[in-house]
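Below are two forms of the same protein chain, given as structure tokens: structure 1, then structure 2.
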Structure 1
């Protein structure tokens, strides 16, 4: 199993059909640089392409591979997470993300309520918010159509169908609400520097109450910028504790 993950980490998602002409040539050059271990060149080329295609999961995935090869695990996880947000059912992305997470060994304690929601609505991680909304609308349409028919056709089978689609609609409403909260209502980031000092206030003179390794996922609550261009980000740990870190220590998902 470890060998399978290792092989996946070394692979790239091509996505050549997405690009054309000069852009496709740049993509090939970036892939060639990657396979020849020219990490900085590959990084520069993929980042340039990403400016033109900011929603391309292939580019985020390949950037994650480059950062992994450079030994920057936090950055690798950040880009794998971005790729997974765009293509949640892509097996290579899921495999690489899981592989690097295991390699870093970062596992912050998570509240029981969060674990419960994740287990009850396990399918949420396989669908984008857009896909869940479309599914919700389709289930709602079938439910109201069945309910309307039930007013005119008194059959037990139809009654059971109304109840079934009603329960499914309720589940979809909750599921979509949870996905909305996770993807739009909240902002997330991954720590990209080793031993990030989390402080109770946005001052370097304040003693940190905890130090976290790169790769840890946290919620972004806000920021504070000073005239000397030093910018602080307020974060919330999975256990609910709030603190402040420097902007360059976190990568937004």
Structure 2
């Protein structure tokens, strides 16, 4: 009874800290399990932590490593990709993602327009949408301010500034638009099962037109329940081909 009372008092005094300590302890236990090759234990602990910290890139990264150790390359790539979405400049995440991509050797044909967009707006892969939007906001503020100042002060320097910021704003607007399209407007997934059969219809009896390896990144278009048993996901391959796969074969990023 005294112990319960003591914990209660401690909790009241310290607020959240008791729970925070517990989470830190779980985090340490997960790391310990990882280093002792107890992958399943590490997995469940990290997953439980992820429920409390759903936007923590490090947890996604660690989960990616656990899946890599378990030999589930598709799942590993999925979690690295999630981590990279949150922390695109983190070198460990980039390195591991690149390593696993190389290891799986998955490379689907990409249309020229995608490659062009990727090369023209190369910086997009180093920034989150949040960062791009904030930058856009700042550039927009500077642009409109300089434009407003220009109403009162007619200096050539200010005119040049207005033009410069105007071009920068237009560029950033397109860049942020592309990033928005890639991250929020569209849904992406990574195939997590080996040899995923892509069918033209959501029926197992229909012959697949292609089989894709785990780790392949595809766009998710929609879903379809079938006979209340199977859930099918419609995907679009990088070359534009559409097909259906089972829900358990893809991990959303």
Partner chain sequence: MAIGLSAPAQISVSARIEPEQATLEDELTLTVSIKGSMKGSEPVLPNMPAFKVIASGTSSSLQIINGDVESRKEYSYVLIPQEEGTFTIDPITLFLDGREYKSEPVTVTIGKALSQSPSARPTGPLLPPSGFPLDQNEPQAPSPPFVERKGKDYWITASVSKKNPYINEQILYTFRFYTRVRVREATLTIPEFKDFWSEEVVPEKKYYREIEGDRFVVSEKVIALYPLKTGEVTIPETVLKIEVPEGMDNPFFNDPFFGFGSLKTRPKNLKSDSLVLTILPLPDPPPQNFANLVGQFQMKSALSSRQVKEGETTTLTVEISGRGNIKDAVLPPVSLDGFKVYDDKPVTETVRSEEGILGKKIFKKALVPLTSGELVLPPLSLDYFNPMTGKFESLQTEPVTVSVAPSDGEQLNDAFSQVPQNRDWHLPVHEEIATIHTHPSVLMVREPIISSRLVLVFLFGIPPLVYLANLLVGLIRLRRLQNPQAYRKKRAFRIFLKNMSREGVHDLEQIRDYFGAKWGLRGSGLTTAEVIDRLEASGMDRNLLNDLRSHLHALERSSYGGEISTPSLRSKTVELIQKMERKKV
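Source: prediction; values computed, not measured. Residue numbers count along the first chain shown, from 1. Take the two forms, find the largest set of C-alpha atoms that superpose within 1.5 Å, and that set is the rigid core.
Chain form predicted alone: structure number out of two:
Answer to the question: structure 1 is the form predicted alone, whereas structure 2 comes from elsewhere.
Once you line up the core, how about residue 145: does its CA shift reach 2 Å between structures 1 and 2?
Yes, its C-alpha moves 2 Å or more.
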